[in-house]
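For reference, the chain that follows is the form predicted alone, supplied as structure tokens.
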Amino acid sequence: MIAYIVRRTLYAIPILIGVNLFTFALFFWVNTPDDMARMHLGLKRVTPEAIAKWKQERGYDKPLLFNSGAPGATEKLGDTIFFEKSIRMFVFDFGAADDGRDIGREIKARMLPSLALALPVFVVGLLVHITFALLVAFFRATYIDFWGVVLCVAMMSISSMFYIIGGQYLISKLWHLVPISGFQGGVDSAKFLALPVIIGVIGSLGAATRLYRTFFLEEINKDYVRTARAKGLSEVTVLFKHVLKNAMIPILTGAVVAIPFLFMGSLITESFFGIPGLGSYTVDAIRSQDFAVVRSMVFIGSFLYIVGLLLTDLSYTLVDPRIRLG
């Protein structure tokens, strides 16, 4: 087990380097350091001196990937924007944003609002989706199953923007039950998070229910289920004791991978509801073309995704003792 974890950790290093390189190339293919300086200076007529000063203060005055003017081979690769901006991230030192604010401090401050929104959506959503999928699978080949699938397909066909805008209009503007947007710490955060959580659960109900229903129906048709029925076990016992347990392996594949992304927040939901989390922080950085923040958030997302895959493999051994990691 330990050797497996070490091996997967070593595999993660070239993956993170590749993702970082791809993000770097994509960003600077669209924008040059001069373009970034003009945007952040916010002036119609920016002097070349002001651009040069801005780039020098933020370390964008060096070559992007290869410094042909450097004396040695190490300096040719090391004295570049890519190396100096990337190497510190592997020790989680994200430096300062292009506007001067400390990225690490911003991440720590915005992580809690993102978790306060994403964690209830994840937990409540997982319980609701599994319960609804079990209900539909229990009444398979009946009108409940048919109309349940129709409802899921209809919900999948509706954009998440409809749920957000419709929920804000109906629950906040007409009924005045919760604030339409904003965020406040402490106990008062519940009234700001209630509507985003409900919308998050409902918005993913259709896709998750259809997926989990497929898992349950696949297990129901296996031999061990027929054997359990032949022993006289009730359908409820078979469904909850045997089918649910064996269907948890594919369910864990999606659930455990999603856990690290709880820290990243939801881009659309946080932006529409004015929640100062990591999702809105990323959207604001993309709008302002703040490469330092975008690069940091992509790196964190890649790292958390790799951690999620590792946790998924480890969770398999808990659900199915037959699986061994070597």
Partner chain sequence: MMPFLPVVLFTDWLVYLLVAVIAAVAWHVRRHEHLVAPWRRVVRSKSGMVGLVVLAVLVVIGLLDSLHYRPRLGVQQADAKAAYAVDVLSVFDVLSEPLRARREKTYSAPLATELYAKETIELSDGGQAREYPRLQYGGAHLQNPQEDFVADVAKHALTGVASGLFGWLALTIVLCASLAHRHQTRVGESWRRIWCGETEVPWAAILLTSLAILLIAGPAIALGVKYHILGTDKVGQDVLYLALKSIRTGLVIGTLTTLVMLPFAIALGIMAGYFGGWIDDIIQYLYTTLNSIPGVLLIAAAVLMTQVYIDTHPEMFTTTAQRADFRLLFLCIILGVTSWTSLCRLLRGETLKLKELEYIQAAHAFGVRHLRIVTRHVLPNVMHIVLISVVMEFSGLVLAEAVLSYVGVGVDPSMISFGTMINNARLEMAREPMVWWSLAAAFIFMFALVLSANLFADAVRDAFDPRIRSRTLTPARLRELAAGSGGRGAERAA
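These numbers come from a predicted model, not from an experiment. Whichever C-alpha set is largest while still superposing within 1.5 Å between the two forms counts as the rigid core. Positions refer to the first chain, counted from 1.
One more form of this protein, predicted together with its partner chain, exists but is not displayed; see below.
Note on the partner interface in the predicted complex: the residue among Ser160, Ser181, Thr131, Ser189 having a heavy atom within 4.5 angstroms of its partner chain is Ser160.
Interface residue among Ile268, Leu65, Ala52, Leu41 relative to its partner chain in the predicted complex, by the heavy atom within 4.5 Å criterion: Ile268.
Of the heavy atoms in Gln56, none are within 4.5 Å of its partner chain in the predicted complex. Using a 4.5 Å cutoff between non-hydrogen atoms, Val294 counts as a contact of its partner chain in the predicted complex. Residue contact with its partner chain in the predicted complex: Phe272 places a heavy atom within 4.5 Å of it. Ile15 belongs to the set of residues with a heavy atom inside 4.5 Å of its partner chain in the predicted complex. Taken together, the three residues Ile103, Leu195 and Val201 all stay farther than 4.5 Å from its partner chain in the predicted complex, as judged by their closest heavy atom. The chain is drawn here without its partner chain; in the predicted complex, the stretch among 147-155, 94-102, 80-88, 109-117 whose residues come within 4.5 Å of it by any heavy atom is 147-155. Using a 4.5 Å cut-off on any heavy atom, the residues of 5-32 that reach its partner chain in the predicted complex are, in sequence order, Tyr11, Pro14, Ile15, Gly18, Val19, Phe22, Leu26, Phe27, Asn31.
If you fit the rigid core between this form and the one not shown, you'll see the Cα of Ile275 move by less than 2 angstroms. Annotation for Ile300: C-alpha shift under 2 angstroms between this form and the one not shown, rigid core superposed. After superposing the rigid core, the Cα of Asp35 is displaced by 2 Å or more between this form and the one not shown.
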